[in-house]
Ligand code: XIL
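Below you will find one chain, with nothing else, as structure tokens; this is the form predicted on its own, and questions on how it binds or moves follow later.
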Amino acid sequence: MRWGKLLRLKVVSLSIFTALTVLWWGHLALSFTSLRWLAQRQDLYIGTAVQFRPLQRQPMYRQVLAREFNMVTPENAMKFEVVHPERDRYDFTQADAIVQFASDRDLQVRGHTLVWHRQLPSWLTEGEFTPEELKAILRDHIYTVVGHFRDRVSAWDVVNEAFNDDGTLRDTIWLRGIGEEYLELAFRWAREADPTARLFYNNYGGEMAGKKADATYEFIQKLEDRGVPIDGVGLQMHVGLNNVPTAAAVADNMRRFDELGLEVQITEMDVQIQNGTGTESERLQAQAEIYGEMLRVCQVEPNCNTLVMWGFTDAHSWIPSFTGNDDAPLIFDESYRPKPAYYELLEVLSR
């Protein structure tokens, strides 16, 4: 009798030991992998916005970037004021450095952005141009920039943030000077400049159904009806703990774009914690769950295969300067230590 009990105790002990060993090895395996490696197994893209200066000056920035991501978006280096500082002069110094870094490490590049109402050079905003002159400027800009990176940039945010929150077209230099036609022209010129690049309309605040998302949907329907080349929609996903759409609402929005034959990418994700409640640890855990939920949406919905964060380290986030408050919106802290959000993404990708 005693030997039977002893045997059963040994069996139970061995089972517990085996379970703990499997769990330990599972966590150990995750600690030796990366977002990039796990994403590539599922044909997914995990990306980040990249800034030129830390890329040039900080070895840890380059190391984490190359290890963890398989897609990059130049955060500012391809914007109009940087690449086209004078009417007859282009400067691709910063953008070329980022694209070369990506090429050397087999990273895809999303071009950002060709047409926007912000970060324009003074020669353009302060000049007086006829509609035909403004068309010629925009056409030359798109042809030159897209042509310069032809076959090296896999996707472009062709038009960025053209709609207001109420669904009306934003008052921009392009709308005032050219008219609504500028939207269609931009996509046609981008396709002509590089027939292989995927072309996207990109916006914030339209992640779920609402006036802005509905206006985007109707706008793209009209473009497709006229044969305008457009491949997808970018959902920026700049959110916070108290203003985040549900995963179900985002999935529903993606599905209706899928019905139009369009890809959807999450293009600029960050999650502010300054507007949340609870301890810092609790807010970071809530942040992690949001990142994980949105990645799961992309795993499930067939027309989404990309999630790009707007930076990866809190040391180089745009949020504190934009809001005027300290924050920690990204998946690595200021010292490049992984946060709960990083481990949540690892867990989601490992399933």
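Residues carry their position along the shown sequence, with the first being 1. Keep in mind that this is a model prediction, so the values were computed, not measured.
The same protein also exists as the form predicted together with this ligand; that form is not shown, yet it is the one meant from here on.
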Practice item. State yes or no: in the predicted bound form, is some non-hydrogen atom of F52 no more than 4.5 angstroms from a non-hydrogen atom of this ligand? Key: no
Review point. Is the gap between H238 and this ligand in the predicted bound form 4.5 Å or less for some heavy atom pair?
Key: yes
Review point. Looking at the partner-bound form in the predicted bound form, is D258 within 4.5 Å of this ligand by any heavy atom?
Key: no
Review point. Is E75 a contact residue for this ligand in the predicted bound form, using a 4.5 Å heavy atom cut-off?
Key: yes
Point to revise | in the predicted bound form, the one of R118, R176, R150, R89 near this ligand [non-hydrogen atom within 4.5 angstroms] | key: R118
Revision key, fill the gap. In this chain shown alone, the residue from N253, Q272, N160, T216 with a heavy atom within 4.5 Å of this ligand in the predicted bound form is N160
Review point. What stretch, of 140-148, 179-187, 160-168, 121-129, brings heavy atoms to within 4.5 Å of this ligand in the predicted bound form?
Key: 160-168
Exercise for review: Could you list which residues of 310-338 come within 4.5 Å of this ligand in the predicted bound form, counting heavy atoms only?
Suggested key: W310, W318
